[in-house]
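The data below hold one chain only, encoded as structure tokens and taken in the form predicted on its own.
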Amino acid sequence: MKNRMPIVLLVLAVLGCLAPLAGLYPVFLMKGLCFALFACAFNLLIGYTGLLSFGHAAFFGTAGYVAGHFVKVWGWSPELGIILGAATSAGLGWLIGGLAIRRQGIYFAMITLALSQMLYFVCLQVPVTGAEDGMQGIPRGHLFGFIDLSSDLTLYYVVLAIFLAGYGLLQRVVNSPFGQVLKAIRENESRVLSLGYDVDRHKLLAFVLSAGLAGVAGATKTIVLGFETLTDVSWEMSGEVVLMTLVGGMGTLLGPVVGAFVIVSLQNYLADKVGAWVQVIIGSAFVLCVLALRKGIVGTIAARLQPKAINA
């Protein structure tokens, strides 16, 4: 399976480079890539560690606000804004994860949801976020001081590189000894503990890494769209990333990518045609996947083509 890792990454890189040439809008593709990285980061927890977080929007949105503020107000370059946003989310993940991993199951999920909603209230009240109006007019700036990101196509290839770097990192983590311990924790935490592993430490590291990558996705999305709103820190966004992961295939590396693009495509192309009914369509698609494709799109395909496959 490890021998297939570079091949999958290479295929994603080739498809990503050719996508704009096929007539797909760069802004749509960039939005899809940001959500794909967000879903992949979330999948590290639920798919490989067995931890269901209902508060991952906190890391996604916080990074967006931090990056947007420093790029717009302080005049920082976009790469520094993204790095600072990701670091802030990782630090927040260390705080929230340190509290949440003390509990398991539904209690873990409820703690992450409660702390995320507390952060949502903070973002709603503090002036720097723009409250309900959000943070508007965030400039794209110049990458490394000389690459102008005002062009959608130029920015797209930068976002593609960020996504591929994040995806490659997750590939390496999942297939490393650390990743094998995470899978063992998912299957039987008590046995891993009896073998002498520090289970809480592994959980916390996975949580911080997931939060940091979610922050990279959120900060990048803010640079792409030029604004940040309360939507990205709301509980609905946490539910949306769960939906993306389950539709694509939980516990597969490629599944969250497919799930993210499926959901983003439905939202973008159906919103103008059916209005609010798009939520009904997305909900119906989710129910269909749960009933007919219990392992998600990629998980089901992988199981039929190669029953013993673990990762896509």
Partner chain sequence: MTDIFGIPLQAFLGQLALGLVNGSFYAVLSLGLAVIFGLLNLINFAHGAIYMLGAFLAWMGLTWLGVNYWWSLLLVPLVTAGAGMILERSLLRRLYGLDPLYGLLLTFGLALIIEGLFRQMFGVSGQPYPVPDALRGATNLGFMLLPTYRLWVVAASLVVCASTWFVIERTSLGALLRAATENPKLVQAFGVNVPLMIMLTFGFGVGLAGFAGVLAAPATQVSPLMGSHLIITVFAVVVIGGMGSILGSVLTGLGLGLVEGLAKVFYAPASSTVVFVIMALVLIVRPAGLFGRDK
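Note that this is a predicted model, so its numbers are computed, not measured. Residue numbers count along the first chain shown, from 1. Just so we're on the same page, rigid core means the largest C-alpha set that superposes within 1.5 Å between forms.
There is also a form predicted in complex with its partner chain; it is not shown, and the following applies to it.
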Any chance all of Ala13, Ser190 and Val208 sit within 4.5 Å of its partner chain in the predicted complex, going by non-hydrogen atoms? no
If we test each of Val181, Ile111, Ile147, Leu169 for a heavy atom within 4.5 Å of its partner chain in the predicted complex, the one that passes is Ile111
In contact with its partner chain in the predicted complex (heavy atoms, 4.5 Å), from 194 to 202, 157 to 165, 116 to 124, 85 to 93, is stretch 116 to 124
Is there a heavy atom of Tyr107 no more than 4.5 Å from a heavy atom of its partner chain in the predicted complex? yes
Even though the partner isn't displayed, in the predicted complex is Trp235 close enough to its partner chain, meaning a heavy atom within 4.5 Å? yes
Do Val66 and its partner chain come within 4.5 Å of each other in the predicted complex, heavy atoms counted? no
Taking 4.5 angstroms as the cut-off for heavy atoms, does His142 touch its partner chain in the predicted complex? no
What residues, if any, in 179 to 198 have a non-hydrogen atom within 4.5 angstroms of its partner chain in the predicted complex? none
Determine, after fitting the two forms on their core, whether Ala22 shows a C-alpha shift of 2 Å or more between this form and the one not shown. no
Cα of Leu293 displaced 2 Å or more between this form and the one not shown, core superposed? yes
